[in-house]
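Coming up is one lone chain in structure tokens, specifically the form predicted on its own.
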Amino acid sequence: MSCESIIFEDLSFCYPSYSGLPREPVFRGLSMQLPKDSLSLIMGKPECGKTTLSRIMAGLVPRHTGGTLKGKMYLPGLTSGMPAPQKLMDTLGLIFQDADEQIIMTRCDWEVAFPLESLQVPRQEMVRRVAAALEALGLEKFRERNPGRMSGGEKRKLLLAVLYAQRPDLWILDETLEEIDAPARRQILSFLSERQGGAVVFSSRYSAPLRGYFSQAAVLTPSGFNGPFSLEKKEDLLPALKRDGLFLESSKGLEEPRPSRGEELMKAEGIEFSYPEADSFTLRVEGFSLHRGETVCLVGRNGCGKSTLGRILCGLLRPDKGRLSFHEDGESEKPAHPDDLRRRVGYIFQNPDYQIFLPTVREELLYGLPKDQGTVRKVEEAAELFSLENLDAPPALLSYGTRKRLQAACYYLLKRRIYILDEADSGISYEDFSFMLRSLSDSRGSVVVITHDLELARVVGDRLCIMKDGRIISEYPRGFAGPVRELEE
């Protein structure tokens, strides 16, 4: 007899022991029942076990990682718990938190077709499903695009298109929606709520747009679940959210007074940039400036050019046309060459694995710093400040959120005048992002926050810059509370 609900019974898991990482349970005593054909939201701080739980549900952990799993789990339509992954292909689809771990093909249409080939879907049906999936996720023009040239949000849309074509009964989305623009997020949630079948969405925080779609929510902690709660009764859910910094109003420091805007620090004029692909957009920024003491938020639809602009401002990309300049203390304006930008601007990548490459946390923090006793003390202080508990731990084995804190700690030690945080808020709690922003903010410098969280942008930004099709189309001042129609178009 098959199970008709998702059931966890006293579930506990512990990874194997690794050098620098003590063998401790990720979570213990998880017990909860989720309805079969509904949307369920599971929230929790980094390191609470969200990704591990999603991969246990998909049969990947501990089969491919090792470790000790205790307790029982039952999934709809299956007669036994803990099935092998190949038994789940028709039943369950999982999207990883890091899209680059999952995308394997060099064209978008091939990526969507790959699991259909494994499932032996007839060719004509496969062609029809691939076309329908790309259209549903707004990716028709990217059919032949190499996914490596897509933005982080577009990669997540591509993986959603894969599930759309594959048609599993249960969708598991690990932090998938946080880097997707608001209109597409609503479209995806509407589709999930209307289809036959269920979905479990994992997230590091709660935001108002999630209401109205989920039948219930729970907060995951290492010691078990808080919940389930109804999202329509937010007063029941709020205490658990506030305790772990998962709710915007509970994030201390985001609304603290900041220094008044000072003189101009950096300026971009007449910037143009195109990628080699013929179908790529062209970035055209007539004018953009940063002032001392301010935080500027860049928002816009996936693929509008936010990350491209950020990479030009930090010297990673060289514009085809235009001029970048900066002001030194007490000196006149000077042209900014790429080497100058790399010394003055810190860019925190959307994906932490693009930036972290050394064997231990200690080596990562020491990279680029003088090797003396004073530096060793500063590294130890930074590790404590950013809750990096074990300096000998391999970064590759840390959680996604911890790797993001490690990125921030590295630049905290390098002391840049300008910081660009590219989707640094995704995959971490509001509380963690609040701390990151406060640690990197300086009255002598400036911070650029690239985000899809409009609620967050309204709170932290001194200016809100809206991008569309490679252009900055409008700006809003701090405190603006009305609708931002440009984000819906």
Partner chain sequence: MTGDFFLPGNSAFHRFDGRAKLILLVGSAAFFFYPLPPVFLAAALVAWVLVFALTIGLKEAGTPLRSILPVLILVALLTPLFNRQGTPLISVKGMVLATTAGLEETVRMLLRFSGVTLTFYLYFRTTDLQTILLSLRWFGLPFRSSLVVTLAFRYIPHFADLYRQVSDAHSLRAGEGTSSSRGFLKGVKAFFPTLTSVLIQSVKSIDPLSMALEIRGVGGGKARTSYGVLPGGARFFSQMFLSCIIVAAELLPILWR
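Positions refer to the first chain, counted from 1. On a predicted model such as this, the values are computed, not experimentally measured, just so you know. The term rigid core refers to the most C-alpha atoms you can superpose between the two forms while keeping them within 1.5 Å.
Below, we refer to the form predicted in complex with the partner chain, which is not included among the displayed structures.
With the partner omitted from this view, the residue of 335, 374, 368, 276 that lies near the partner chain in the predicted bound form is 368 [heavy atom within 4.5 Å]. Checked against the partner chain in the predicted bound form, the residues 321, 143, 186, 243 give one hit for a heavy atom within 4.5 Å, which is 143. Proximity of residue 55 to the partner chain in the predicted bound form falls within the 4.5 Å heavy atom cutoff. Under a 4.5 angstroms non-hydrogen atom cutoff, the partner chain in the predicted bound form lacks residue 387 among its neighbouring residues. Within 4.5 Å of any heavy atom of the partner chain in the predicted bound form lies no heavy atom of residue 286. In the predicted bound form, the partner chain sits beyond 4.5 Å of every heavy atom of residue 196. In the predicted bound form, every residue of the candidate spot (89, 120 and 339) has a heavy atom lying within 4.5 Å of the partner chain. Residues with any non-hydrogen atom within 4.5 angstroms of the partner chain in the predicted bound form fall in just one of 219 to 227, 175 to 183, 293 to 301, 122 to 130: 122 to 130. In the predicted bound form, 55, 60, 63, 64, 65 are the residues of 47 to 73 with at least one heavy atom within 4.5 Å of the partner chain, listed from first to last. The Cα position of residue 191 differs by less than 2 Å between this form and the one not shown after fitting on the rigid core. Here residue 288 does not count as shifted, since its C-alpha moves by less than 2 Å between this form and the one not shown after the core is aligned. Core-aligned CA deviation for residue 394 between this form and the one not shown: 2 Å or greater.
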